[in-house]
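Shown below, as structure tokens, is a lone chain in the form predicted on its own; questions about how it binds or moves come after it.
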């Protein structure tokens, strides 16, 4: 054993984790180097933090919750209107886009496993007529922003170590979907080891720890470690639009949202949809002892979850859809202070090898995995703004193989929304519909274009309708 490995063994044994060297003497040189590289990246100083996360999951802290203010929709009927205050600030957001001060952060570390798809989720073909992939949808939304405001925001794509190469290759093979390759940056999030019931690191093999992605909250540290915040600073980006790859309908850079964020002097802003069902499994934006935060639905008592206001609507209604704006200066300040987001534990089924080196695929949860949540930056911000958006317009997540959040359910909801826009403008709903993301961001914009178009009045709506820029 060399000096480097000796030092690592001493440190891991002192931390009660000496078992990671159990098979050292039977490993080949290549396997030894692999294990050594991995162990070098393990921060043993986080063991106490991991233990605290496990303890908090078993006995959650008491919270003193109250509703938080939000800019609510001014019109809840299709095609909907955002809050008057947000719409009034759209010109400020448009100027920010014209000045090139907005960057888009796309979180795309997930695989399509739950969809029954072998590959990065962004490579999944989702649109109903062309089969356009999620990645291309977002790329074309960015192109539309560029055409409208004269500058295309740079795109920062957070991937996982497990899908980084495949994601990069996919974009390269498709010529970056028309975007400038210099303006598309890929970076991998961090990894965290798992602990077994005895608090020991889980081994994936004789030469490897089991590790998993550190959650979407790992994006803050990864942006800094991989030089993305530095790149943003050099480009003059001061507002970061954070979106997730599985939300088909989300705008990539919403001028009204950006303008509201800037006009209110916010360091963090978030979008929410109105929760109507007390049992819906979404985090809720609210106050905890007066501090803005997002609280998981599991932390609400039945009484709180069902509490109503004077109009009979849920008192805690602000369902988070994981869409945020961050001030670049705010994130820089967090990393410069060395402020990590808190760890959260989850009891999961983790494949591993047993002490005899046998592979085990558990049928019940057997280990603790750890991750960080990006919304934990909210309590750290000096000012937070919350904007309500229409659910069917901006929240269409692709999560499962079936059901409303499966591919068929998502396509059905997508066509219902855009079909309603065509019906509102032309008096009839097409049998099937797809709208190129280059054409319109939402139903309001599409309705306006259709009403002004002579060509649209001649369309045969008894057939599937694919609306592109050439359609007009």
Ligand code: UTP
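Numbering follows the first chain given and starts at 1. Predicted, not measured: the structure shown is a model, and the values here were computed from it.
The same protein also exists as the form predicted in complex with uridine 5'-triphosphate (UTP); that form is not shown, yet it is the one meant from here on.
Screening 143, 111, 224, 328 for any heavy atom within 4.5 Å of uridine 5'-triphosphate (UTP) in the predicted complex leaves a single hit, 111. Checking 318, 211, 133, 189 against uridine 5'-triphosphate (UTP) in the predicted complex, a heavy atom within 4.5 Å turns up for just one residue: 189. Although the partner is absent here, residue 86 sits far enough away that none of its heavy atoms falls within 4.5 Å of uridine 5'-triphosphate (UTP) in the predicted complex. Put simply, residue 238 is far from uridine 5'-triphosphate (UTP) in the predicted complex: not one heavy atom of it is within 4.5 Å. Although the partner is absent from this view, residue 245 contacts uridine 5'-triphosphate (UTP) in the predicted complex, with a non-hydrogen atom inside 4.5 angstroms. In the predicted complex, uridine 5'-triphosphate (UTP) sits beyond 4.5 Å of every heavy atom of residue 389. Note that among 100 to 108, 200 to 208, 168 to 176, 268 to 276, the stretch whose heavy atoms approach uridine 5'-triphosphate (UTP) to within 4.5 Å in the predicted complex is 100 to 108.
The candidate site formed by 121, 158 and 216 is fully in contact with uridine 5'-triphosphate (UTP) in the predicted complex, as each residue has a non-hydrogen atom within 4.5 angstroms of it.
Looking at 327 to 359, no residue comes within 4.5 Å of uridine 5'-triphosphate (UTP) in the predicted complex, counting any heavy atom.
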